[in-house]
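As structure tokens, one chain now follows by itself in the form predicted on its own.
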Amino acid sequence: MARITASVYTSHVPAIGAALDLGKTGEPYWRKVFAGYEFSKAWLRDNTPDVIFLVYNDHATAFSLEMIPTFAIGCAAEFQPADEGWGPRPVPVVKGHPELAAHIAQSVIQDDFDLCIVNKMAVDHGLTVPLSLMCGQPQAWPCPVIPFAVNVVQYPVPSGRRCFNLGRAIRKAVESYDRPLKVQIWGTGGMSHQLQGPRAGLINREFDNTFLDRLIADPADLANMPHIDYVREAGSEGIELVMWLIARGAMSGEFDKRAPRVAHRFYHVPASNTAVGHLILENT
């Protein structure tokens, strides 16, 4: 049967993609950010999965304020990089896994989570920047990717508890798939940042690192954190962190009480007035 072998958590700052695409990774401002992913790139080469289930949020690219699904799963065979106003990023086309995506949709919907099934969708920096951070600049991504978009842009957005329980349902779905696939689940977005208003530029190191501690050690309790705490402590865009709870909910520790192994942890500020957080957890 298929199984989830690891989870990856990372920020998806758009300026990181621009720094990569424009060859600025060696500049002093960016050097420490990219150094934090050197281990991760080697780790992924040594632990390449058969499929990546990548949780991210669309930034009014595939969806607009006219129609915003709370949860949307990409079931297509491929997904083109989106033009976000300055042309598509020069990255490979994302190849999907329609069979596994359809199976997950069937299982999760039968577990009473309402998913929007998407058969054509451009993917923006929320998905491509994490791939670039973990894979570098290859001619092709190392495996198929199932995009899973979560609305954290327009309120109301899903609760942390809802996201955590959805991760559990996704793990159940993966493990009921009748092919021996190794699957990684990635949670992206965050950490603390605010892009507008009088608190623009907010970064809260203490909150971010406490969030990482709790995500590792006690995610079920962390899932109970109300939205207002994310907004107050981590800024208006800090709510993206609920997507990390989907990935954490899919890890085996939530079922058999075994804690995952921390393979890598990284935190750095600033990166385009944003805190960059990163974590790799392996199922034991």
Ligand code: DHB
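No experiment lies behind these values; they were computed from the predicted model shown. One-based numbering along the sequence shown.
The same protein also has a form predicted in complex with ligand DHB, omitted here; what follows describes it.
Engineer: For the three residues Val13, His59 and Thr274, which mark the spot I'm curious about, does each lie within 4.5 Å of ligand DHB in the predicted complex through at least one heavy atom?
Structural biologist: Checking in the predicted complex: Val13, His59 and Thr274 are all within 4.5 Å of ligand DHB.
Engineer: Work out which of Ala102, Leu195, Ile109, Ala77 lies within 4.5 Å of ligand DHB in the predicted complex, going by heavy atoms.
Structural biologist: Checked against the cut-off, the match is Leu195.
Engineer: Please tell me whether any heavy atom belonging to His97 falls inside 4.5 Å of a heavy atom of ligand DHB, as the geometry stands in the predicted complex.
Structural biologist: No, His97 is distant from the partner.
Engineer: Among the candidate stretches 168-176, 187-195, 136-144, 112-120, which one is within 4.5 Å of ligand DHB in the predicted complex when only heavy atoms are counted?
Structural biologist: Flagged stretch: 187-195.
Engineer: In the predicted complex, which residues of 125-140 put a heavy atom within 4.5 Å of ligand DHB?
Structural biologist: Residue within 4.5 Å: His125, and no other.
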